[in-house]
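Before any questions on how it binds or moves, here is one chain, the form predicted alone, in structure tokens.
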């Protein structure tokens, strides 16, 4: 059993997720370039960037905690790999465990915790400011995100397994086809944008203000791991939302096309939001998520209880 889990973790959690994440990153960068009337990168550019960083020297600032500084990137990477493994296991074999969606929610907070830890460990003013913003952003979007995820759980009869939620959608249709599901999906997409720290919620990095923020002191392999983790999240988060609201991924017959369209559609929506909105201040992000977004998520929960 342990051997099969390790194989799933290595194959699905790391290899397939990394490849799919870099492909999604290329699509995002290519579309962004075309919007800005540029040619954009070649298909292998995300992979080349990671390999190039892996080969560079790793510099550790003087006076920092080496253990915290160097382990921070690995926290997020391991968490994303674990989330992807859980999603793939449920998608391919329905072999999940009770409460696996709760574990997924928990693990999805760890990449942000790694960024916060790495930024503060850097002892750089810009990195510390970026970590402070990241911490506030996490507190802003986590509540509406959890409320949004509760909607498909309620609609499926309080299912505690992702496999049961997928089975319910296979029998009765996607959760997003209901009013409460559609509202919850919209809320989850906005929270996904913040989890990815993409415009308009990129205040923790804000290259024009903080010169990269939390990543300013990182170089070499640790920076490569941070970048790879973000690429993997660009695959894992749409995958998770697809499982919860759109019936998940299927690979039989014409369903393959529908699976690709769902994933590409979510990535394209992230890219559209990124390219059509200015960056918001962190206080504006807090008011946005704790105000209308949380209200919408709470309304979706109420509607789900009413069966709408």
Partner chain sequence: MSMTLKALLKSPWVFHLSTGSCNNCDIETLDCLTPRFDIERFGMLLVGSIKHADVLLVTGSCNRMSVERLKRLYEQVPKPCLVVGIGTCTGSRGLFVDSYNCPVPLDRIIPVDVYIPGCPPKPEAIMAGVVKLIGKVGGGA
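These numbers come from a predicted model, not from an experiment. Residue numbers count along the first chain shown, from 1.
Same protein, other form: the form predicted in complex with the partner chain, not shown, and the subject of what follows.
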Answer key: of 51, 257, 268, 68, within 4.5 Å of the partner chain in the predicted bound form (heavy atoms) is 51
**OP:** Using a 4.5 Å heavy atom cut-off, state whether residue 215 contacts the partner chain in the predicted bound form.
**Re:** yes
So, residue 223 and the partner chain: in the predicted bound form, are they within 4.5 Å at any heavy atom pair?
yes
Is there any non-hydrogen atom of residue 161 lying within 4.5 Å of the partner chain in the predicted bound form? no
Quiz item: Does any heavy atom of residue 219 come within 4.5 Å of a heavy atom of the partner chain in the predicted bound form?
Solution: yes
Only one of 238-246, 42-50, 275-283, 260-268 has residues with a heavy atom within 4.5 Å of the partner chain in the predicted bound form, and that stretch is 42-50
